[in-house]
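Here's a solo chain for you in structure tokens, the form predicted on its own.
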């Protein structure tokens, strides 16, 4: 034991307190550098006319303009098109992940051979890099030799270059990748339901619909709501898959909020306006999450 530990021991500190004493400064430093500073720095930049490359190019200092950046974002008619497009994507993706994930969890919630292996294989998509998944599905959607057209017998049907199909194609990819996440949480909830509740329902000759509505759904709904909260937040921030599959250029049918924010910040280098845009998106996500949390608390009280 080192001399420092001996001194701390003599002062009456437990082993757990000593560990926390050594870990705390590192945690405070990391949180300050990677969370607190960027948060307050970007908040300050959102009230300024500032470009991250302008000081190096023109030597111009940031100029305070108040809430002008927020006005420019909210009054831009194109911004609302991006919000509408993103909202459509979120609804389709989250609904698909919820239905498929919960359905697969119901199928897996029983004992059968190779259950562990099958469950692991189903979980593989969510463990992959989003950029890799996007590139993988871009190859599958290829109109010339993509396997999807071959299986469906669509010939050389165009998916990603078709304005009517682009958003649907990306949604299918996102559902494929993240349905296992919903399935995992739903399966955890289903596994925790006491078996005697189903046995009592069987004795009373309850139908499968009664058991699902009165036992399964109420008891698993808290974890389903948690899955919806996380997937809704992540869907609003969708960038990797859409950008890899389509490029997300200006005027495309896949220019989601995150892609437009990226172009504003790192293509146009309008750092101040991009920061304001980012905080508007943050406030929107927090508001939607609070609605979910409100219903989650109600479910827990039932």
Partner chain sequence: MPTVSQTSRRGRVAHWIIIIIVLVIMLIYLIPIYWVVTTSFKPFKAVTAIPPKVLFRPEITSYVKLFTKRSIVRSEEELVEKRASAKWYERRVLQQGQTITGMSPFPNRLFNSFISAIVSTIAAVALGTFTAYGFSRFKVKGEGDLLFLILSTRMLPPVVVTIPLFLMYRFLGLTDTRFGLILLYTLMNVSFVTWVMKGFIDEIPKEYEEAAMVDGYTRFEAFRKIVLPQAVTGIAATSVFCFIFAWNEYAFALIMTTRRAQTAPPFIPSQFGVGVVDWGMIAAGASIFLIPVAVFTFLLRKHLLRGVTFGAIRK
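Predicted, not measured: the structure shown is a model, and the values here were computed from it. Throughout, rigid core stands for the largest set of C-alpha atoms superposing within 1.5 Å between the two forms. Numbering follows the first chain given and starts at 1.
Although not depicted, the form predicted together with the partner chain is the subject of the following passage.
For residue 110, a non-hydrogen atom is located within 4.5 Å of the partner chain in the predicted bound form, even though that partner is not displayed. Among heavy atoms of residue 67, none comes within 4.5 Å of the partner chain in the predicted bound form. For residue 200, no non-hydrogen atom is located within 4.5 Å of the partner chain in the predicted bound form, even though that partner is not displayed.
Residue contact with the partner chain in the predicted bound form: residue 228 places no heavy atom within 4.5 Å of it. This chain lacks the partner; the member of 154, 132, 74, 91 within 4.5 angstroms of the partner chain in the predicted bound form by a non-hydrogen atom is 132. Residues 176, 179, 180, 181, 184, 185 of 162-186 are found to place at least one heavy atom within 4.5 Å of the partner chain in the predicted bound form. Superposed on the core, the two forms barely differ at residue 283: its CA moves less than 2 Å between this form and the one not shown.
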